[in-house]
Structures are given as structure tokens and as C-alpha cells.
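The chain below stands alone and is given in C-alpha cells; this is the form predicted alone.
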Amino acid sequence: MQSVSELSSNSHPSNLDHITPIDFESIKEVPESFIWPLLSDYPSCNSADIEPVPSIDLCDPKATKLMRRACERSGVFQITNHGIPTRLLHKLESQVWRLFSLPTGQKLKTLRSPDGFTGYGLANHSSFYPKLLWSEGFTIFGSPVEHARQLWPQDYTNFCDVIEEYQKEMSKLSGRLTVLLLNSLGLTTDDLEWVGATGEINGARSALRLNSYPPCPEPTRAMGLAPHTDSSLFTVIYQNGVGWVTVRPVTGALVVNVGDILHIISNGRFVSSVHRAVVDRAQHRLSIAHFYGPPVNAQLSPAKKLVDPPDHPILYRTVTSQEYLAIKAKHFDKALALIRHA
């Protein structure tokens, strides 16, 4: 199997091909620029030999133990009893459909800049790969009002109201998950100076990424989202379909991915989950990812309680969150290796 490093290019091109999604409605066959070599090397949702993603009830007294097992094995798990109202998830999905159903020209009014993160366009890490992605996305940091006004000059408030309500709910859930994940490592909120007593991160850096994966005439040759790890503490995902690993359908469940920062804090115990998205011939897939992490000035290093030489030597040097994000933006999948102690 090729690694992410082998598939990704060494350069970081900033041309608009790696920002602007294709007009999927006008395409009847997959262009050469979208055909990925050896796509079968990466497991998909139909792979029988992939361990199913566990489902964890957040009200289960064994939740922390189950989380630790999942984080150590694969870095991904589902959660139920998460407290996000079903009606809100339905409203959110409806608004995301509304956005991606807009004419291409309207969506392009909010196209992100080559070095930017917010707005419409392909995921930033797509520029590290020589092939293009069968997807489109929209990233929101903070208030969605500015871009929403460009998309719906006369009718943007419904979209903003739903997004802002979801952001508030995800902030509460993220604090709850932070406590549980730290406890699963034998840590408390006192062990990280940028985490508050109830799990909320002081000056948390969060973002919403809305993803659309239209039907593809040759799904075995195209890629929806290229292999990557998240730069967050963790990511919470709502999706209307399955991902690239086996996910047993659980109504209303959310998927949690361990990010690079949690991997660092755990001193390598928790796996920063490499994941991608598959496309389907008939099904139009959506996913909404909430990235959650510390402020840019936060000091990142393995928790002292998890360093115990010689069995558990410290694996990573201390960097600020901003420094790590800059390393990841430049070096992509090599970022963790570049801050690892020799």
C-alpha cells in the first residue's frame, strides 16, 4: 500500500485547479485529472477485513474505557447520547443541501483565496496531491454572515441561524468530549493549562467544514477526500452516509476522529486517524465536520503524566499550536515527524 507521503506531491501548488471544484452537473465521465492510481489500495466502507468503528454511548459508565481502546486502536469512534437534538441535525442537513444546490456561479462568489481557509472550494490539503477531488466544500470560521450574504443576498438569515445554533451545541459537546478523552488517558483538565474546569478550551479554535460528494460515474477511480489526518485536538462529524471504514449505521450518531494535537498530548498513545472519503455512483453524500482545538498560543507537548522513561520517553518537542499549524500547512503528512524527538 502506498503511504500518504508517496501519493502526495512534494510541492504545494497554489493554482486554482486545487481550489475550484468542478461543475459536476456538466460532467458525464471522470476526466483524467480526477483519476487516482491504485485507489484500491485504500480500504473502503465495503472492506470486510476492516474492524468496524465502535459505537460509544456517552452516558455509559464505561465510556472512557471504551474511548481509550478505540483511540489506541484506530483513532476513530461513533458516539450516541451526545445531546445534539435530532431536529437540529435535520435542519443543518437541509441548509447544507440548500448551499450545495446553488448554481455554480453563485457558489464561486465565495471562493476561498489560494492561501485562505474560509469560503467555498476544495479542502486545503488537496494541493499536496497531483490528482483532483470529486467533492466540493465550504469552510466557516466564526460567523457565517459575510459569506451567507453573498450566497443569498435577500434570504441568508435561516442559514446563519442554523449554523450558529449548531456551533453553540458543538462547543458544549466538545467540552464534554475533552473531559472524557482526558480522563481516558488518566488526565484531568488541570493537566492542560488551556483547558477550563468543565472541559471548555479557553480561546478555542474551531471551524465547520461542509462537504459535498456528488454521484460519480466511475467511483472506483475517483477520490472524494484525499488521505489525511486532522490538525485539531479532535473532529466531530455528522454525515448522511458512510465513510471509508466500516461504520455500522446508528441513527443520530456522530463520528469522532482523533487529531494530531491529541496524538501529541497522549505521547503517541492515541492514533491520529488517517482518513479519506469515498464517492458513490448513485448516492450524493454530505458530511459536516467540526474541528476543535486550542488557541494559537497554546503550548503543545506530551502530558507530563504520560512520560515515563525508559518505557515511555517523551516523543515530541514543545511547539505552540500556531507553530504546528504552520508546519502542517507546509509539510502536510510529515508534520508530526518534524517535531518528533530523534
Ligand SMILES: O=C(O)CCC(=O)C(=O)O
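The first residue of the sequence shown is number 1, and the count goes up from there. Keep in mind it's a predicted model, so treat the numbers as computed, not measured.
One more form of this protein should be noted, the form predicted together with this ligand, which is absent from this view; the next part is about it.
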(request) Check whether residue 147 has any heavy atom within 4.5 Å of a heavy atom of this ligand in the predicted bound form, and answer yes or no. (result) no
(request) Determine whether any heavy atom of residue 82 comes within 4.5 Å of a heavy atom of this ligand in the predicted bound form, and answer yes or no. (result) no
(request) Evaluate residue 162 for contact with this ligand in the predicted bound form, applying a 4.5 angstroms cut-off between non-hydrogen atoms, and reply yes or no. (result) no
(request) Using the partner position in the predicted bound form, report whether residue 134 sits within 4.5 Å of this ligand, counting heavy atoms only. (result) no
(request) Have a look at 192, 179, 237, 88 for me and say which one sits with a heavy atom within 4.5 Å of this ligand in the predicted bound form. (result) 237
(request) With this ligand left out of view, choose which of 70, 56, 277, 300 has a non-hydrogen atom within 4.5 angstroms of it in the predicted bound form. (result) 277
(message) Tell me which stretch of 310-318, 27-35, 281-289, 57-65 has a heavy atom within 4.5 angstroms of this ligand in the predicted bound form.
(response) 281-289
(request) Could you list the residues in 201-221 that come within 4.5 Å of this ligand in the predicted bound form, counting only heavy atoms and keeping sequence order? (result) 209, 211, 213
